[in-house]
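So this first bit is one chain, no partners, the form predicted alone, shown in structure tokens.
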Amino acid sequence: MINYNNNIIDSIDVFDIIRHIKDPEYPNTLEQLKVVNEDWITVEDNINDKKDCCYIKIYFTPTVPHCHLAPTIALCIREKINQYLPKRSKIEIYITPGSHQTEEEINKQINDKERIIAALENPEIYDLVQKCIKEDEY
């Protein structure tokens, strides 16, 4: 596990963290399915003059416009980033505009702290997220 606590991070670092997340429905990674892309990630480091804090904004594109697991994919991305980056980092995750039928509703859901906590308290969702973010040998 890479520790980014004392280093400046950028979008390439974030992409390297999330690219190998497995899709909940397919035997492929999010990178292989083109769900995530380095160009869809922005990072502002040392926000508010805090050396251990950064702002990360990630867009992802579900494989189909009606993907019912889009919130789960977002949870996987968030959990994987949380394993590596400072806890004080601010992470916002959005569906790429125009790529999902209910993107506005899902965007609100996947950035609501209480909903995130509630979802991860569900053992089935938690286990699925852990399975998707588990690191394999690459």
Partner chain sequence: MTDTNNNSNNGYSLKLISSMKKEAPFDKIWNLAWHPSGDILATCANDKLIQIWTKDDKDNWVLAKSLEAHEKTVRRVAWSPCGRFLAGASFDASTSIWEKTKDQLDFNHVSSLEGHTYEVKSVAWDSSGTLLATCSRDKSIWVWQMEEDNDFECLSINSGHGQDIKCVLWHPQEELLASSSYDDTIKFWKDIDGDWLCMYTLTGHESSIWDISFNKDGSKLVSCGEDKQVFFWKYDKENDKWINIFKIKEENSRPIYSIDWSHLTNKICSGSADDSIVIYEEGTGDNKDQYKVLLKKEGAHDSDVNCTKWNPKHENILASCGDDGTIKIWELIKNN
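Numbering follows the first chain given and starts at 1. As the structure is a prediction and not an experimental result, all values here were calculated from the model.
One more form of this protein exists, namely the form predicted in complex with the partner chain; it is left out here, but the text below deals with it.
May I ask whether 105, 108 and 117 each come within 4.5 Å of the partner chain in the predicted complex, counting any non-hydrogen atom?
Judged in the predicted complex, 105, 108 and 117 all sit within 4.5 Å of the partner chain.
With the partner chain left out here, work out from 82-90, 22-30, 61-69, 95-103 which stretch has heavy atoms within 4.5 Å of it in the predicted complex.
Of the options, only 82-90 has residues within 4.5 Å of the partner.
Using heavy atoms and a 4.5 Å limit, would one call residue 112 a contact residue for the partner chain in the predicted complex?
Result yes; residue 112 sits at the interface with the partner chain in the predicted complex.
4.5 Å heavy atom contact, residue 55 and the partner chain in the predicted complex:
Output for residue 55 is yes: heavy atoms within 4.5 Å of the partner chain.
Test of understanding: in the predicted complex, would residue 121 fall inside 4.5 Å of the partner chain by heavy atoms?
Result yes; residue 121 sits at the interface with the partner chain in the predicted complex.
By 3 Å or more, the Cα spacing of residue 87 and residue 119 differs in the predicted complex; is it closer or farther than in this view?
Farther apart, by at least 3 Å.
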